[in-house]
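So this first bit is one chain, no partners, the form predicted alone, shown in structure tokens.
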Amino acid sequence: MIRLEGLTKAYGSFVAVDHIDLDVPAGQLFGFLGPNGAGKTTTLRIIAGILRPTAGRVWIGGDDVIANPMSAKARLGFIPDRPFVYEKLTGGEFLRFVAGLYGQDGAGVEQRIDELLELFELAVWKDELVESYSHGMRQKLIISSALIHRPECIVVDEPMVGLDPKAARLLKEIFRHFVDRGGTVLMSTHTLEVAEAMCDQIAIIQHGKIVARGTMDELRRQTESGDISLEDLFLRLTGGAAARELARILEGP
């Protein structure tokens, strides 16, 4: 469903994403993990068409994001890590605006708006300006906007940020239902327990390169790690184990 080929993004001499090749199949919840500065968010923004790559190509369901941006983006729902919204619109107006970007309007969209706002317990806030929403409410609105046009795949950067436990649980259920019906989710998260519990496959990026990819069992075999957790495997691959050992030494006996 999502395919990256030789994807590269450079800022002067700094290479943020370094010739990534990755296939994310339909019907899977795919985890995209890495430490801060590894290139996760840059990669996701390129997939969403927000950034233009220095080199390489991205396909969404067979549509090239650069050559056919409108078709590619129509297949995609993007949930960023920061909920930027138009504060002088109401929640309902914002969702109506986003639907209009995809050429959708009318009674069907109005019903969809009501369903999504009800799902995320925002129905009573439909006609309130977004500037009055809390951070968590804005995050719920952004998630709703990513679903408003019924996309084939969802790209999400740190989905649980700002959500209360009930909303986080609901989002997990939505993602699982979405992929069970043939959709695709590419999710970046720092919450490794969430990734281990939810993801069908995982790719780990370090210094702009994919250093491991597969199911948990495949990752353990690739790294000869035995039956360790995703957290320990992640730290082993990204050098975090050394930092944890240093912290242990500094703490003393």
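What you see is a predicted model, and the numbers here were worked out from it, not measured in a lab. When you see a residue number, it is the position in the sequence shown, counting from 1.
What follows is about the form predicted in complex with a small molecule, which we do not show.
Note on contacts: among G27, G37, P69, G214, the single residue with a heavy atom within 4.5 Å of the small molecule in the predicted bound form is G37. Remark: of stretches 52-60, 215-223, 39-47, 196-204, the one touching the small molecule in the predicted bound form is 39-47 (heavy atom within 4.5 Å). Residue contact with the small molecule in the predicted bound form: E152 places no heavy atom within 4.5 Å of it. Residue contact check for E158: one or more of its heavy atoms lie within 4.5 Å of the small molecule in the predicted bound form. Put simply, A16 is close to the small molecule in the predicted bound form: some heavy atom of it is within 4.5 Å.
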